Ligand code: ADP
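Starting off, we have a lone chain in the form predicted on its own, written out as structure tokens.
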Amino acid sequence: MGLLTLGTPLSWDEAKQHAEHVRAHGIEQFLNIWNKCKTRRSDALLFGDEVEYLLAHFDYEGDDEETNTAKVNGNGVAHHRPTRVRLSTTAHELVAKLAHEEEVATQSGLVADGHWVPEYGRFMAEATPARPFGSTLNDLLEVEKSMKKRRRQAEEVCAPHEALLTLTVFPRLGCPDSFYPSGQLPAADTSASRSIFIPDSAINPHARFPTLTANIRTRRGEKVAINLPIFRDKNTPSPFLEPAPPSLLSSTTLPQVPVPADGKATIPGLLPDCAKPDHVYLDAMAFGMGNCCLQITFQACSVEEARRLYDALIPVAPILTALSAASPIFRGYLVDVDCRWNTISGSVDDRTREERGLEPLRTSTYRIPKSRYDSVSLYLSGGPNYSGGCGFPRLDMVTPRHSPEGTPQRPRSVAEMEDPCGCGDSTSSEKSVDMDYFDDKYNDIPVPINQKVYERLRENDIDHHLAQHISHLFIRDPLVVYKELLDQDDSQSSDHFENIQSTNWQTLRFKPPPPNNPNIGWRVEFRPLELQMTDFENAAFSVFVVLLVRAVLGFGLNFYMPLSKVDENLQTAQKRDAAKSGRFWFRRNICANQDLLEDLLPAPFHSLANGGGVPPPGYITHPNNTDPDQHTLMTINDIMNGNTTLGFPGLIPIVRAYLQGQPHVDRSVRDSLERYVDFIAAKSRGDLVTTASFLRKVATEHPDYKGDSVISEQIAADLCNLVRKIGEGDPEVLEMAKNCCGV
């Protein structure tokens, strides 16, 4: 969650006076990195995952909260069914213990089980592997092992009654008494967020986080306002008008209309400009940044390869958002969405009313179409060949160049050709696959840029597309500025650049190397995945994305389509049951080297790798049936598993073809990786339901559920206990959840 720097953060009124200073020096810092690293090449395709956890406190009948002890039965065993579950606001203490363990291990010359850092919520923790995973297919098998180690490591230092949950959204976040210890109340008139639901004590105590919260609200000129449509069940009131909480009724500063004469005050009734009828109203950054996710970061061979990977994964992001959907419950209610993305986007939306287009521009500089947390607005293109040899993808990044005995191996195909540096600078007579597919027409949405920044970058010979990308990020103001760090050595620091870069939270992030770490190269961060309940599932999504990246490079795949369609897809992805019933735009002609794919794909897909032609009935294609750039509305199953009638090979068969095209990989390794691919394939077919569908079904079938969309304390307790047992690998509950988790 950005830079955790020690210092004195400035209030918004103070920080905005230094915004231009931060932007100007941030660009100089980027230019210094660029000039130092633009020719960097031959880095290995290392990667790592980030898993965020919730720390939950379980209450059992007869517990004594003051002594934190549980009532036990005659055998001295605590009751297994909790009566209540709350978020424990002690996660920062847990992270401190785990960080100390890592420090001790490092000093002893050992590799720790994981690297732990705090997150926005005081009830959250984030873990990554202690060091990146390697670049061989064998290394992919370490992902799940590492996730299990990290979970066990944290569980060993959890306090009594506490447990880590791999759950995207805590079902009663923001409900009364949803935090442990008790007594943490919202202060709508004085807190950083001014929330009527979330107390400041739920925010990580590091000064960055409450300052970020307050400065987003202050810059915006009002509280954030998120409205999620209620899931309408048989007994859901119509209209759904939620009663006003005491914190709203007692507020003296929040704009509200008078309480009705009958005394039945509702949130939409008192806050008509913020809260909508038939919606669940959320009013704080914690409702978004207090959610958990799974992210994957790749190191590329060169800046060119990083740009191509960035572009290639942009259209994939909404597809995997829908497939990983895990967020059907917010603030104690079932909602009619399955994903968190728009919630988190709204929770950090610092745009003024002028920037949002609600008022004419007077004091603001730009109309800004999107929140800081949103979909990607610009493809980067591969760009000029700055690195002098990495203009094409590497085509053999996983098979060893030589056998263990040192005997050179003969390339079997283009996908295995000799490439000594691992970056596509081959001296072989065979040509590598050209991935220069970009066209400006794909960047078809309005994008404001900082013209001053753009010109400075172009003066330093940075190409138009990269300069446009950076200057678009730099329309934003820095949100957290530390007094002690205003003046920096721009040749040694990237803090001002990262101040802007790290608070542009998009589905993907293009990451330059840090200025003083020669071991880290150009990277791409894949950010849209929702968190799954088990380490196997999270590993499966991680491994699949890595394999897809390698297939993109190995086969020269082309996923380009207009960004307006990608944006449309991201909205579709969040709808209820989108993975099963949604239709998504995707490019049909995804492989330029048809012969290569026909050589490896199963027989039904032969001669179909390029798509094209008239789509079958029921499929809509744009712009027309003869355009080689045509993109078609497809189901998740079509896109992932392929559709022979449509002439689309599918991402999963291509990944399988890639795996089968690696002859130097042990069969047992390939079979183990196929297990993860099989899981993704089953999810895509609908044989396995999404986590969101599973949680919704468990909630609505609970004996206490009244068909009114309400998730009571007991329902939430049982649901979280189930997620806990699933995550811990309890065989009995795993069998019950097999139609979702696949294990």
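Counting begins at 1, following the sequence as shown. Owing to the predicted nature of the structure, the values given are computational and were not obtained by experimental measurement.
Below, we turn to the form predicted together with ligand ADP, even though it does not appear here.
Participant: Open or blocked: ligand ADP, posed as in the model of the complex, superposed onto this form via site C-alphas, with 3 or more ligand atoms within 2.4 Å of backbone or C-beta counting as blocked?
Facilitator: Site status open, zero atoms under the 2.4 Å cut.
Participant: Could you tell me if all three of V337, A578 and T700 have a heavy atom no more than 4.5 Å from ligand ADP in the model of the complex?
Facilitator: Checked in the model of the complex: no contact with ligand ADP for any of the three.
Participant: Taking the shortest heavy atom distance, is F47 within 4.5 Å of ligand ADP in the model of the complex?
Facilitator: Output for F47 is yes: heavy atoms within 4.5 Å of ligand ADP.
Participant: Heavy atoms within 4.5 Å of ligand ADP in the model of the complex: does T211 have any?
Facilitator: Judged by the heavy-atom cut-off of 4.5 Å, T211 is well away from ligand ADP in the model of the complex.
Participant: Although ligand ADP is absent from this view, report whether E126 comes within 4.5 Å of it in the model of the complex, heavy atoms only.
Facilitator: Because a heavy atom of E126 falls inside 4.5 Å of ligand ADP in the model of the complex, the answer is yes.
Participant: When the contact criterion is heavy atoms within 4.5 Å, does D278 count as touching ligand ADP in the model of the complex?
Facilitator: Contact with ligand ADP, no.
Participant: Could you tell me which one of E162, E525, E355, E144 places a heavy atom within 4.5 Å of ligand ADP in the model of the complex?
Facilitator: Contact residue from the list: E525.
Participant: Among the candidate residues L633, A225, I520, A207, which is the single one with a non-hydrogen atom no more than 4.5 Å from ligand ADP in the model of the complex?
Facilitator: Selected residue: I520.
Participant: Work out which of the listed stretches, 535-543, 301-309, 128-136, 170-178, brings a heavy atom within 4.5 angstroms of ligand ADP in the model of the complex.
Facilitator: One stretch meets the cut-off, namely 128-136.
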